[in-house]
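This document starts with one chain, in the form predicted on its own, laid out as structure tokens.
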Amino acid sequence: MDVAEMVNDIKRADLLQMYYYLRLTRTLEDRITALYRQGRIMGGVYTSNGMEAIAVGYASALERDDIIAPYHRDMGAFLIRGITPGEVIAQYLGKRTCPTKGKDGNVHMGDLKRGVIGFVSHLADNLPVATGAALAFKIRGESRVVVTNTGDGGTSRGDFHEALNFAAVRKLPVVFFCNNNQYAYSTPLHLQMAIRDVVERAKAYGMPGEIVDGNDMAAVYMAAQRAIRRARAGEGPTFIECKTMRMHGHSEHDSAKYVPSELLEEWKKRDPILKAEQLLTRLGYADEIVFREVGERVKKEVEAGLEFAEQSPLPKGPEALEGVFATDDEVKP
């Protein structure tokens, strides 16, 4: 069935809000990429270009007290959870006003008060952390869910196996997403695993799995809703594979020459923003005027965020010792 025929239960305002976050994510990451190429950002820049619908879709399905354990393609989820464009740019610039107070760079950030668990570079390391948080929710008897994400390459790691196995055995309220963007850095999918679909791995753990179009915000949103509802009802975890394509390199210093140009051209036609606009137009929810207005709005917000970050102070030396150990006044996740 066509997605446009299945979204009657999604309010127009919710679809427009998701579209706004798609545009905000793309505009913010494009601005960060420009800063990197200008030599104003040290270290790596990792974007979700072409994959924005996944993070926007799953984060839009969460309730306020739910939490996420994201990875570096989840900028849309950061924004939906309340981390501002200014804070994101400040993070890249190492300023005191960013979520890590200038102690770390790029998207290695989190904020438990806003339900975002910070993460490290090693992909799939965030999955056991998410599983542990879900275990805490179950022990406490709280009606809360954790959503976590990794790439296709991350599903070949041991911590992926440990997290899914434990979550399935204990029927924990966690949803596992996989951004199947077809390349683990430069390794194509067929050289990573002998199975056709990553979702087949869910069978080994006795948990349901689902494949969705990772470039369709409504499809991701509805799949996330189903899995979150199931987790909240005590029925355990779900594994969701989102088929998509990484339209930039692994990071912005990677030219991605190993990706066939014809493959990229094919996926350009499936751009998540384009698909969202086609859906909204078909439903009669928006037109070119609305799309232009949203574009102008997010551009202003990103430029305001850049100004905030540039004017923010750098951290002072002694601040490096702050926040190293947990204190009694830390907010529980």
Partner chain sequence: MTTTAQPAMPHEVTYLEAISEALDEEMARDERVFLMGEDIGPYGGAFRITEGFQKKYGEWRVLDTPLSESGFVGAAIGAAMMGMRPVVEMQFADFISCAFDQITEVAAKNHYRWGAVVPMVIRAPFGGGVHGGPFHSECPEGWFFHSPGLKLVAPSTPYDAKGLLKAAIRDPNPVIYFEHKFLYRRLKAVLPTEDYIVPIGKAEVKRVGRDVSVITYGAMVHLALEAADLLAKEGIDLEVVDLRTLIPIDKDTIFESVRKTSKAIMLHEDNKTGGIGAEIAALLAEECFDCLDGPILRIAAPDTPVPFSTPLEEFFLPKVGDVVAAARKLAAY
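Take the two forms, find the largest set of C-alpha atoms that superpose within 1.5 Å, and that set is the rigid core. Residue numbers count along the first chain shown, from 1. Since the structure is predicted, the reported quantities are computational estimates derived from the model, not experimental observations.
Quick note: we don't show the form predicted together with its partner chain, though the next part is all about it.
Contact annotation: its partner chain lies within 4.5 Å of heavy atoms from the stretch 38-46 in the predicted complex, the single such stretch among 38-46, 53-61, 23-31, 296-304. Using a 4.5 angstroms heavy atom cutoff to its partner chain in the predicted complex, all of G94, K101 and H122 count as contacting. The contact residue chosen from V212, A218, A77, L172 relative to its partner chain in the predicted complex is L172, the criterion being a non-hydrogen atom within 4.5 angstroms. Although the partner is absent here, A320 lies within 4.5 Å of its partner chain in the predicted complex, judged by heavy atoms. Mapping the unseen interface onto this chain, R144 counts among the residues with a heavy atom inside 4.5 Å of its partner chain in the predicted complex. Although the partner is absent here, F137 lies within 4.5 Å of its partner chain in the predicted complex, judged by heavy atoms. Although the partner is absent from this view, L191 contacts its partner chain in the predicted complex, with a non-hydrogen atom inside 4.5 angstroms. The partner is not shown here, and in the predicted complex the stretch 263-300 never reaches within 4.5 angstroms of its partner chain through any heavy atom. Once the rigid core is used as the reference frame, the Cα position of A13 differs between this form and the one not shown by less than 2 Å.
Core-superposed comparison between this form and the one not shown: CA of P313 displaced by less than 2 Å.
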